[in-house]
Each structure stands twice: as structure tokens, then as C-alpha cells.
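Have a look below at one chain only, the form predicted alone, in C-alpha cells format.
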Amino acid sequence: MKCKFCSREAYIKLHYPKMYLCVDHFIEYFERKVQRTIERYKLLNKDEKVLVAISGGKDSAVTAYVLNKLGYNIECLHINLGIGEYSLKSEEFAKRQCKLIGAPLHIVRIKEILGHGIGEVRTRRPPCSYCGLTKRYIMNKFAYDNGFDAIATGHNLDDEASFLLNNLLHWNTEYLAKGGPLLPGEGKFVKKVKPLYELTEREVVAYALAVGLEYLVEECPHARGATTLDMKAILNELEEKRPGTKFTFVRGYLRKRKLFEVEVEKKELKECKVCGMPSSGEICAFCKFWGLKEPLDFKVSR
């Protein structure tokens, strides 16, 4: 098949909107869609300093690549989770990606600063639970300590649709109230944005291959059997039968999000007695879980 806009051979068939595109026109389409997403949801300004959380995978690498190409002021942060060979590979890919992009890379290795990697802590909590807590805390504190205006993550349309479906099935209204492409900053909480919010996982993979971005394909060993994978499988089946299902689902949620916001009570935040970051109690969940007695210092010399 030929590209919709020229006579060249098609590189990809988009199911929604339905069209064939060559490599060059697909790259143009993808980047234009990211820029439109940023503008539609007022995610970023060109004068803001943006920290991109880069894992070594495709989504975060593409986020960093596109933002840099579009002229945003970015630096990258890789959190080495201390999960054996998997984390070693992840860090190497993150280094290679940032070298190709031409973006500064900061690395935090949790085993060095906390004494244990993910999966090595004696706890009844599943690894994914405290891994999420740890990554969110480190991303926010690193960004706050170093004067970043925003944190950009690589969440794509498939991620958001599966998040919504899972939380709707369990009626987790607090999570549903806080979804969306933008989580505004407040106090010591740095603004969080998702520039790939309206792009599918398939499109992200195609873009990474088109621009020559290598990425880690291997899934985290702790993610096997995760509920998110089941949700994605269900949504992929629906998308196959009715193209545009994911997009319609996510856009519809954004229109109705206020229905969930009214059920969430505004909690008064204090400052954690250990680290000084926002907390609903005397000590924040991160310091409590890791048993910290003094704050971590993430300030980097420039």
C-alpha cells in the first residue's frame, strides 16, 4: 500500500484514524500529535525545565527524544531498581538512549542509597507496590531538589486505558479523580505530565524503530501476572473489533472526571519529620517503609 500523502511505500497502517503512512509522514504525524497533546492539555511551556523519567524502555525513551526534538528543555533521570541483571540492562539502555538524544542523564541507584533492591526487602507488600512508592518519591524529590518545573513520564494511551478500566472495575474513585495527562504541582509536589497520552503503544514502538531508538524489550520480572497486562489484553481485543475504542474511552473519561473528584476529600498535608516532603502523617510513606532517619540528598552539581 502507498502512503496517504505521497507515492512512497507505507511504513505503517494506522487503525484510528484509518490511513497508511510512509516513515517520514508517520514521524511527522507522531510528533505533531505529541505537540497537540501538550497544547490541548497545557502540559508544558518551552521555558520550563523538564525532568524525563527514563527507564530504558520504549515509552520513556520516545518521550525524551520527542520533547528534545520539539525544543523543550529536558534532562533525564534513571532509577536503577536493583533487580539484578534486569536493572543492569535497563541502565545501559538508558545511557545509550540519552547519548543518542543528547540529553543529560542522572542516575539514582536505590540499592546504593537504601541498602536493598526491589524484591529484596522483607515485607508482606508485593514488590510492585513499594516499587511504585519508591519511584514516585525519588522522581518528585529529585525534581524538587534540583529546581525542575515538571516531570514527564512515558505513559501512553494503552497504559491510561488499562489504568482506567482496572480502577473502574474496583471503583477506586480516588485514583480515578487524579487520572489524566496533567497532575498540577502543589507545594513540594512537582507538576507531572504525560506527553504520549493520546498515542497507542503500537505507535510508540513504530516511532522508536523509525528514529533508531534501541530499547529494552524485557519485562520487569516482578511484573509477570500483573493485572495491568490482563486489562491491556481485554482492551486490545475490543480495539481489534472496534478501532478507536481506547481513544474514545480515555477521552470520555476526561469529560466525566469531575464525577469522581467530588467524592475525594481534600487531605491536609504536613511535612514529613524525616525528609520534609509532603505527608498525610507525621512521617511519609516512603521514609516509614524504608526506615529512614535522615533525608536523602539528590542535589547535583552543575
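Computed from a predicted structure; not experimentally measured. Numbers follow the displayed sequence, beginning with 1.
What comes next is about the form predicted together with another copy of the chain, which is not displayed.
- Contact annotation: Arg242 falls within 4.5 Å of another copy of the chain in the predicted complex, judged by heavy atom distances.
- Proximity of Phe260 to another copy of the chain in the predicted complex falls within the 4.5 Å heavy atom cutoff.
- Mapping the unseen interface onto this chain, Thr173 counts among the residues with a heavy atom inside 4.5 Å of another copy of the chain in the predicted complex.
- A residue is said to contact a partner when one of its heavy atoms sits within 4.5 Å of a partner heavy atom; Asp230 meets this definition for another copy of the chain in the predicted complex.
- Only one listed stretch (127-135, 165-173, 143-151, 194-202) carries heavy atoms within 4.5 Å of another copy of the chain in the predicted complex, and that stretch is 165-173.
- Glu237 is the sole member of Asp47, Glu237, Glu265, Glu39 with a non-hydrogen atom lying within 4.5 angstroms of another copy of the chain in the predicted complex.
- Note on the partner interface in the predicted complex: the residue among Leu100, Leu183, Ala226, Val121 having a heavy atom within 4.5 angstroms of another copy of the chain is Ala226.
- In the predicted complex, not one residue of 114-138 has a heavy atom within 4.5 Å of another copy of the chain.
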